[in-house]
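Heads up, the chain shows up twice below as C-alpha cells, two forms, tagged structure 1 and structure 2.
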Structure 1
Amino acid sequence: MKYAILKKSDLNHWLKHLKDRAKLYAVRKKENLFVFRPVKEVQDVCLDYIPTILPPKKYYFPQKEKLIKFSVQPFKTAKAIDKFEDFILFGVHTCDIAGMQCMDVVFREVPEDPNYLNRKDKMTIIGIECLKYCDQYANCTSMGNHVPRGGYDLMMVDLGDKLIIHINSEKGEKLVTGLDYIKEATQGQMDLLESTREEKKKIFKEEFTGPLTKVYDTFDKSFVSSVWKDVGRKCVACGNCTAVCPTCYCFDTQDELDLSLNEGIRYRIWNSCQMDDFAKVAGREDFRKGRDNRQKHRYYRKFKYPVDKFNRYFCTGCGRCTRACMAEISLVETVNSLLREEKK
C-alpha cells in the first residue's frame, strides 16, 4: 500500500491506537499559539495550526539533555542515558521535517553524535501537508519546503472529510495496516490529491524576490553590507530567533553536582550565537563582536555555510525567527534587502 485513507471521524481512534504503540507527541493550542506536547486527550490534537512556538527539535535535541553522569571520588563516568524510548511525532509540518533533515546531516557527520542519533532512531514522523499559508511570516515556498520532500514515515493531506496518507517507510506502514478504518486509497482519491495540490500552487508563491540560487550568490557577495548594520541596530540579542529555529543546534555543556558535591550530571544545553559571550575565549578576545556580526553569522548559517558544506539550505521557511523577534527583524525583508542591494 502506498496511499491510505482515513475518515476524519476515525482520527481519534487512530490517535488512540498510536498512543498505545508509543509515546505520542502532537500539537495543541496554547492560548492563541500552538505547542507540541505529549498527547493526553486525543481530542486536543490540532492539525490546523501555525508553526508551534518551539519546533519539534525539543524531542530529539532537548533544551537540556543529560550527556554523562560522573562522580568525583572515586572518579567515575558513565553514559547518562542507556535506553531511549520509542516516540511518534504527529502532525509535523513539512518545514519542520526539512529542519530534521538538516539536523540529521549535522549530527551524522563524523564524529557522529550518538545522543542525537539514538533519539532519532526511536522516532516516527507523521507529517501533515499545509494547504494554506500559516501567516505572513513564512517563506516556505522560496525554500521549497511547502511540499513534502521525504524525511517522514507517513504524510497526511486533508481531503475535506478524509485524510489521505502517503506511506513512506515500513515503520509508517505498520501504523496504518491491520486497522479496519484505514483503507487503501482509491484512484478517485488519488486524483483528488492531485487536484488539491494543483489548487495549492495558486496560493503558495515565492516570498523572496529572487530564486534561491540568486539568494546564495547574493550572500556570497554580501559579507560587507549596510543591511547587517541595519539588522544589528534593531537586534536586542535576546536569542529568540535561534531558540525557535528548527535548524539551530549550537550548544553549551554544563555540570550540575548534587548536594553531596560528589556526584553529578553533565548536561548539554541550547546556546545561541546571538549571546555576546558566545565566541569569547578565556583571554577575553571576542571573535564575533557586535550584534550586526552575530546576526550576519546566523543568516550565513542558513543561506551560505551549510550550502557549501552539505548542499542544503538551513532555513526551512517556517517563519519562526520573524514571528518570535522582539525587534521585528524579518527574515524575508532582510533577504530581499540583500537581493535589492545586490541589483544596484
Structure 2
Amino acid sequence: MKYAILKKSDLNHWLKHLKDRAKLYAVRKKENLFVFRPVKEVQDVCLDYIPTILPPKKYYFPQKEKLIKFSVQPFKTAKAIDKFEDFILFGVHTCDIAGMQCMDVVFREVPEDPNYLNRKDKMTIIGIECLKYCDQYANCTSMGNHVPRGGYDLMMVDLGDKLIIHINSEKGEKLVTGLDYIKEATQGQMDLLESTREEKKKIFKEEFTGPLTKVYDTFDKSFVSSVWKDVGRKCVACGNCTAVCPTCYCFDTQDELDLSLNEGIRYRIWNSCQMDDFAKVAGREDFRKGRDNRQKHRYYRKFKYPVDKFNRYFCTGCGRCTRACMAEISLVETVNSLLREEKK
C-alpha cells in the first residue's frame, strides 16, 4: 500500500491509536497562535494552522540538554541520558520537515552528534501538505518547500472529507496497517489528489523576484551592500529570528556544579549569532561588530555558506523570522532588495 485513505470522522480514532503507540506531539491553538505540545485530548489537535511559534526542532534538538554528569575527585564522567523514548510528530508542515533535513546534514557530519541521532532514530514524522498560504510572511515557494520533498514517514493531504496519506517508510506503514478505518486509496482518489495539487499551483507563486540560482549569485556579490546597513539600523538584537528558526543549530556548553564543587552536569543550550557577545573572543576582540554584520551573517548562513558546504539552502521559507521580528524586518523584502540592487 503506497497511498491510504482516512475519513476525517475517523481522525480522532487514529490519533488515539498513535497516542497508544508512542509519545505524541501535535499542534494546538494557544490564544491566536499555535504551538507543538504533547497530545492530551485528541480533539484539540489542529491541522489547519500557521507555523507554530517554535518549530518542532525543540523535540529533537532541545533548547537545554544534559550531555554528561561528572565528578572532579575522583574524576569520572557518564552520559546524562541513557536512552530516548519513541515519539511521533504529527501534522508537521513541509517547511519544517525541510528544516529537519537541514539539521540532519549538520549533525550527521563527522564527528556525528550521538544525542541528536539517537533522538531522531526514535522519531516518526507525520506531515501535512499545505494547500494554501499560511500568511503573507512565508516564502516557501521560492525555497521549493511548499511541496513534500521527502524526509517524512507519512504525509497527509486534505481532500475535503478525507485525508489521503502517502506512506513513505516502513515505520510509517506500521502506523496505518491493520486498522479497518484506513483503506488503500482508489484510482479515483488518486486522481482527486492530482487535481488538488494542480489547483495548488495556481495559489503558490514565487516570493523572490529572481530564482534561487540568482539569489545565490547575488549573495556572492553583496557582502558590502548598503542593504545590510538598513537592516542593521532596524535590528534591535532581540535574537527572536534565530530562536524560532528551524535550521539554526548554534549552541553553547555550560557546566553547573553542585555546592560541593565536586560534582556537576554539563549542558548544551541554544545560542544565537545575533547576541552581542557571540563572536567575541579573548581580549574582547569582536569578529562581528554591529547589528548589521550580525544580520548579514544570519542571511549568509541561510543562502550562501550552507550551499557551498552542503549544497542545500538553510532557509525553509516558513516565515517565522519575519513573523517574530520586533523590528518588522522582512526576509523576503531583504532578499528582494539585494536582487534589485544587483540589477542596477
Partner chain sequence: MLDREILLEKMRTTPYLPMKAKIIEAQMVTSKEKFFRIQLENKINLGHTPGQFVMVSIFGFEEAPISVCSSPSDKGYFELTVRSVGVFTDRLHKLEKGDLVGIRGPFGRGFPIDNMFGYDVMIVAGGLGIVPLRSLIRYIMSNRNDFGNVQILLGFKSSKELLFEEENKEWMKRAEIKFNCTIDRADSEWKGNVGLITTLIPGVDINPARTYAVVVGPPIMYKFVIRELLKKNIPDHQIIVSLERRMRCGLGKCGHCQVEGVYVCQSGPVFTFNDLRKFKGECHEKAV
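This structure is a prediction, so every number in the text was calculated from the model and none was measured. Quick note, the numbers are simply positions in structure 1, starting from 1. C-alpha atoms forming the largest set that superposes within 1.5 Å between two forms make up the rigid core.
Taken from the form predicted in complex with its partner chain is structure 1; the remaining one is not. After superposing the rigid core, the C-alpha of P111 moves by less than 2 Å between structures 1 and 2.
After superposing the rigid core, the C-alpha of S226 moves by less than 2 Å between structures 1 and 2.
Remark: with the core as the superposition reference, the CA shift of V236 between structures 1 and 2 stays below 2 Å.
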